[in-house]
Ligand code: RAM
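Just one chain follows, in the form predicted alone, and it is written as structure tokens.
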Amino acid sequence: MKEFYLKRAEENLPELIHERVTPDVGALLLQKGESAVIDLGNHYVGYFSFRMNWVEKYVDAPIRLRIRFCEEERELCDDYSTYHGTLNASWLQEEVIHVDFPEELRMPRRYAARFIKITVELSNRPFELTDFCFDAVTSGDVSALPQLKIADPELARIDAVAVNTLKNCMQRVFEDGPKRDRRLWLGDLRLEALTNYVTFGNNALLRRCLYLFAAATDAETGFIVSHIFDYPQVVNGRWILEDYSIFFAAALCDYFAATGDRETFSELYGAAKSQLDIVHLTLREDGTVEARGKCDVFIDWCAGDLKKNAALNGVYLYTLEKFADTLRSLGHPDAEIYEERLGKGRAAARSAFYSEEKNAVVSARDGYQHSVHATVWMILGGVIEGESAAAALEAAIAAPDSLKPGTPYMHHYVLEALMKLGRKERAREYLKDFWGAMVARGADTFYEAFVKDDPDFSPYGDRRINSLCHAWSCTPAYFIRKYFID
């Protein structure tokens, strides 16, 4: 089956769309020690080129240039020599090049940037730079975007930034971040897919990603791997995040709901089914889920030691419900199996993780930790419902000692929980408060991680390595276009 899935993936390989971005910059006359900043006017992903000319006297020694590509303006002045993050510093977008002759130069690597800073480190005489061009690439066709009128100007701006975020992450696959990682992650994919359905509608790209994941099963656990490198050849990542593996079934159900494509659903059904069946076969004696063996659980990056048992159970139940509902809609005989598991799983999770007395998701399994994460996933998993669930969620959001989301990925699921509870206006307010704060900071695309009161927050110990255009942050466009266009 692996070869079949890979063949299907290649059948859906997209053709990249190129846009020639020419910044409003004339000729720059520079010499040793001087710098110049080019503003592209928006965040783009692609390739930078320019021409060097000699002035009056021939340039008779190589010129050394330091070229930095920045997603936001404050990166222009960062001192990269003090970087201390946990990820490799080679992700920082800065190049030192030597130019031997007056010529046109095209930088060989792909960059994600709005601002480009050129610093002359060595030169024995002045020279001129001209013809700046950024060859922006994406597989998101802007001409395919539905023509909408969003009356609320703040929502309109948030939507535009969200769409730009998704566009720049749409390459040969739905990348997680075009600056850093540049690979296909399963948790990100599901959120990109939801937004894609109401924006670009590039369902061939989505099929490609689903087939790539179906081909990427870990031999030891049977779980689909959490990330994939697709170029220059397909290579599976070795990290297994159980919540991401479970989400493959949710992503397939979302795809079928959006497209009605029975052929693709049928071909990928076995891969999706196996993820849920593996979890079922490894349930604890009390009927709840616990990550085991070589598997980790993601849920969110946030400040504090997030306990994830309740949230993982919610992810499983949420996906079980989607899977059972999809099978029921198709008249599939397996529907009853998953409906039965859903009912038993909800009862087990309520007993294990929910305190009736406190109306809160706190449990011994999670060290009695109070978090927005656990509460949201018990709501989305159908474990707690109605007014008591809404009160529990608001209490978790407001409590000074509860753990709060650190990424737009988790904030998406807070919004989804609010919508499930019928709190549409509260969800609109929440969306504006969180994503609107990034827009107020001047964001052209939405960030990988963002804490309003801590702009330097980084899951990696140094905000300079953060991605400021990240796939899982694009979903405001999904909510706005599906629910908030009045």
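Start at 1 and count along the sequence shown; that's the residue number. Nothing here was measured: the structure is a model prediction, and the numbers come from that model.
Beyond the structure shown, there is the form predicted together with the ligand, which is absent from this document and is the topic of what follows.
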| item | value |
| --- | --- |
| Interface segment, criterion being heavy atoms within 4.5 Å of the ligand in the predicted complex, picked from 336-344, 372-380, 129-137, 185-193 | 185-193 |
| Output flag, Phe248, Asp254 and His412 jointly within 4.5 Å of the ligand in the predicted complex, heavy atom basis | no |
| Close approach of Tyr460 to the ligand in the predicted complex, 4.5 Å, heavy atom | yes |
| Trp472: touches the ligand in the predicted complex, heavy atom cutoff 4.5 angstroms | yes |
| The ligand contact at Tyr244 in the predicted complex, heavy atom, 4.5 Å | yes |
| Asp176, heavy atom within 4.5 angstroms of the ligand in the predicted complex | yes |
| Candidate from Trp91, Phe229, Trp301, Tyr197 lying within 4.5 Å of the ligand in the predicted complex - any heavy atom | Trp301 |
| Residue (of Arg180, Lys167, Lys308, Arg208) lying close to the ligand in the predicted complex, criterion heavy atoms within 4.5 Å | Arg180 |
